[in-house]
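One chain comes next, on its own, written as structure tokens: the form predicted on its own.
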Amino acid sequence: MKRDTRLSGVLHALLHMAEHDRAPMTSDMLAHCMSTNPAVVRRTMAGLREAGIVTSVKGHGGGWSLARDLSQVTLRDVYAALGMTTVFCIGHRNGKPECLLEQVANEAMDDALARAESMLVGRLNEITVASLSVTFHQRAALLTKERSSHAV
């Protein structure tokens, strides 16, 4: 089953943008970070621009910049800006089955999926992109400390 990795890729790009001292990053630079091509970056970032998460400036010295403080941006905001409509790719074999057994099975699946999606989206709403940056800096400091202690 193919997974939709846009959310993960965009979060990665936003964190690189945060580390880039608010200077614009070109689509080429972000494409390198995301291991994709610049056209994919432009298409993907367009939704974030419409949501007011990033801005873009064309031409020399232009590129993509953060438009909001990442402490004000949740993973749910990014998820919505990407236009992601469903979390799970599980579906019914038949949307309107005549068989009562299949109807019961579909209803059970619908309930389970709705509950799981509600929990996941609720959790995404609790996590800010800035909190990911904090975790990164904590891990980077720990790694630096470990490396310096091994060098002695």
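The model shown is predicted, which means the values in this text are computed figures rather than measured ones. Position 1 is the first residue in the sequence shown; the rest follow in order.
A second form of this protein, the form predicted in complex with a further copy of the same chain, is not displayed here; the remarks below concern that form.
The contact residue chosen from Val104, Val57, Ala67, Ala39 relative to a further copy of the same chain in the predicted bound form is Val104, the criterion being a non-hydrogen atom within 4.5 angstroms. With a 4.5 Å cutoff on heavy atoms, Leu48 does not count as touching a further copy of the same chain in the predicted bound form; it lies far away. The shortest heavy atom separation between Gly83 and a further copy of the same chain in the predicted bound form exceeds 4.5 Å. Put simply, Leu124 is close to a further copy of the same chain in the predicted bound form: some heavy atom of it is within 4.5 Å. Mapping the unseen interface onto this chain, Val87 counts among the residues with a heavy atom inside 4.5 Å of a further copy of the same chain in the predicted bound form. Looking at 16-34, the residues that come within 4.5 Å of a further copy of the same chain in the predicted bound form, counting any heavy atom, are His16, Glu19, Met34.
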